Structures are given as C-alpha cells and as structure tokens.
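First comes one chain, alone, set out as structure tokens in the form predicted on its own.
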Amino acid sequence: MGFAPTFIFAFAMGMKCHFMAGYSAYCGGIGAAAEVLQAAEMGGDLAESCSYHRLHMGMAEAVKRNIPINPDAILPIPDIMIAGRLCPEMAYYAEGLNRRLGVPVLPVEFPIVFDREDVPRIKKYFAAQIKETVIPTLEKVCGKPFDYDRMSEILTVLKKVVTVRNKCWEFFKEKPSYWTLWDYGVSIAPLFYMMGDPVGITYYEKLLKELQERKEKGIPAIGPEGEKYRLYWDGWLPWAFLGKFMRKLTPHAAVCLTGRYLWEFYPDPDMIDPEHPVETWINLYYDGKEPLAMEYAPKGALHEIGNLIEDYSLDGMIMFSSKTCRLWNISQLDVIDMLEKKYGVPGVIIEGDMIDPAMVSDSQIDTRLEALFELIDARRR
C-alpha cells in the first residue's frame, strides 16, 4: 500500500495492494467517509490534516479499538507500507499506521523537479532508491527474487491499455464532447487496480466503442442543448461529491474535460518499454516530455496546463483547492494569472475537499462558478 503507482513493484511480486487515494475514493463512494473520519478524530487526528490520511487513521482506530463503522470500509492490515513521499502527507500516514498497528514502512522519496536541468541528478537519486531499497526489501518480505518478467508482463498490458485509453481521450477534443472528466475519473481502475490484467484492455475497448456510437448518434455528454463552457479542472477529483458538482455544472451547460490529475499516468504509451521495466517506471517520473515530478511544480504546471488549454479548446479553469491537501494548492493563483494573460482563459479557485463534507460549501461553489461563467461570457463579447 502507499503512493500510486509505485506499488507496481509489489504487484510484480504477486502481492495484494491498495493505495491511499483509491481507498479514499472508495470510502467516499460507498458513503462511509463521515463515520471513518469521525473515528479518526476520536483517535486524536486533526480535522485540518489530509482527509485521505484521516480515513486510513480512522480505519486503523476502528480496527484497534473495535469502533463500529461500515464493515465494507475495513481493510486487511498490510504486511508493509510503501510510503512514496511525492505527497508530503505520506510521512504522517506512514508514522500513523506504524505507531497504531505496527505496520513496517518502506519510505521512498519523490523529489519534485522545479527546473529541467535538475532532472539528471534527481533521477539518479530516485533510481538508487528503487534498485537499492525498494526491490531488495520486497524480495526480503516475499522470500523470493524480484520478478522482472512479471513486471514486464504488467507493462506490456498497461501499454495496450493506455493506447486504447488515449483513443478515448480524443473524444474530449470533439465539440461537443461525448464524455466528461468525471466519466474518465471513474474509469481509471484498469490503470491502477487491474495492473497486468487483460480485462483492462477489454474495458477501454468497450468504452471506445461506446464513445464512437455516441458520436455517430449525436449524443453529447450533456444535453439537450449541449455544452456552453469547456473547462479545465485542477487538483483531485471530489470523489465523495462528484454528483454534487455535476448537478451544479450541468444546468450551466458546463463540462469539465481535462486536468493534470488523471492525465498524469503514462500520457504517452511510447514511454513504456517492457524490455526495461524498472527504468520505464523511473522515467515516468523523471523523463520524457512531461515528467510527472515536474507537473507538480509551478513551472511544469504552467507548461502542462497551457498545452491542455490549446489541445482541448478550453474556455475556463477551475482550481480545486483542497483544504487538506497542500501539494496541489501550490501557486494556483499565480498559475491562473499567468495562463489568463497568455491564453485569455479565466479561472477561479473553489475551496473544498475530496472527502470531508464539513469542508464543502454549496454557496461558495455556486458563487465561484457564477463568477467564472460571467468572466467567460465577458471575454466572448
């Protein structure tokens, strides 16, 4: 368990895995978030800390103290946690599970890259962790050599999955679009939880066929009049509130189409080289046109979002500022200001949370969305 998608190394060893955001989205989806968060507060966790972190601490408290919560929200206690610290909250997450339940932790640092000239030395440091720490530790836990062949098989399937997925992405460029960012958000399981399973290929082939049929029949993502505003969404998806946001956007004929999050996982299938599995995984973060570790820094964000604005003909930007996730909030106001000057595309910040209902305000969402639509309309005159 830990930061996705690092646990591909555990998948390659035949281990059962879950990751922080996946469990959190699941908890929100089954309506268990509020009670699990309450269990975390009973254990002393601060309400201001990451809601993903608090969900896991709440689950741990429920197991440790027999606190009654939705049984579907209970996870098996892990044998090891891979704590990938691209997210700074991961250190607290690891400490909490270790202290409460004695779960051993395998820490991995993912330094963010602010300037491209820093990539070689940071990539070397990251690669050393994978080769000298992650793989040997998993070999020790599993009692067998690392299965490079299985990792290659997983990557071979993933390459086919993302190739078909990218064909689905092309339908976001259509005017009107035939699906939404929310649709894609609930379609990412083949990329994370079905690693190496050919069923993931089948899933996206069926999705592609459905999108082709929608285009042939003229069925847009929202109707009956179709879309009026094509939007960028920055930050985590509000997993527990997807319906809420959809109901607020749809009456305005507004559709969210793309974002850095969800676009980050192998945007280019050619990045995947099954013959060099470990290097392929390292390159996802620190190599290629858009290294993942650069997209989290302001400079990389400007470049990536600018490309998305042009590629998907976007009219506006929504920066989702999660009150409990500090990483995604870095320089959002500055990013809006610089991109608006360059592309003439306005943006607003909506504060909220991915999971915690106490931090989501309907009136604030309504006010910010109305302001955004007024700005877009003013630019069109």
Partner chain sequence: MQVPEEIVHAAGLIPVVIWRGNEAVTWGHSHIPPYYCGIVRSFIDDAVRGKLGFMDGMIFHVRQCLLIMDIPLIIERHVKPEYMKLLYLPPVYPGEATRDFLISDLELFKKSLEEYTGNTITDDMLKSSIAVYNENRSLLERLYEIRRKKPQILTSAEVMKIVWAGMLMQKEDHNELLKELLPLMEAMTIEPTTKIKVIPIGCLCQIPPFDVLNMIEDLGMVIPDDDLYVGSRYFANKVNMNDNPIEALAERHLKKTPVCPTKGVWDVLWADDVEEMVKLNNASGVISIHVKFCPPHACYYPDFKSRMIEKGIPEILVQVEHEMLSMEGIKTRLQSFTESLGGE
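Bear in mind the structure is a predicted one, so any value in this text is a computation, not a measurement. Residue numbers count along the first chain shown, from 1.
Only in words, not in the display: the form predicted in complex with the partner chain, which the text now covers.
**Student:** So which of 22 to 30, 66 to 74, 309 to 317, 37 to 45 is the stretch with heavy atoms within 4.5 Å of the partner chain in the model of the complex?
**Tutor:** Contact criterion met by 37 to 45 only.
**Student:** Quick check: do E225, T367 and L372 each get a heavy atom within 4.5 Å of the partner chain in the model of the complex?
**Tutor:** Checking in the model of the complex: none of E225, T367 and L372 is within 4.5 Å of the partner chain.
**Student:** I'd like to know whether A91 contacts the partner chain in the model of the complex, with contact meaning heavy atoms within 4.5 angstroms.
**Tutor:** Result yes; A91 sits at the interface with the partner chain in the model of the complex.
**Student:** Just checking whether F114 would be counted as a contact of the partner chain in the model of the complex - the rule being heavy atoms within 4.5 angstroms.
**Tutor:** Yes, F114 sits close enough to the partner chain in the model of the complex that at least one of its heavy atoms falls within 4.5 Å.
**Student:** V348 near the partner chain in the model of the complex, any heavy atom under 4.5 Å?
**Tutor:** No, no contact at 4.5 Å.
**Student:** Although the partner chain is absent from this view, report whether A128 comes within 4.5 Å of it in the model of the complex, heavy atoms only.
**Tutor:** Flag for A128 set to yes.
**Student:** Could you work out which of E264, E109, D287, E139 is the residue within 4.5 angstroms of the partner chain in the model of the complex, going by heavy atoms?
**Tutor:** That would be E109.
**Student:** Using a 4.5 Å heavy atom cut-off, which residue among D183, D118, E205, D79 comes into contact with the partner chain in the model of the complex?
**Tutor:** Contact with the partner chain in the model of the complex is made by D118 alone.
**Student:** Are there residues in 250 to 281 with a heavy atom within 4.5 Å of the partner chain in the model of the complex, and which are they, in order?
**Tutor:** The stretch 250 to 281, when checked against the partner chain in the model of the complex, contributes no residue at the 4.5 Å heavy-atom cut-off.
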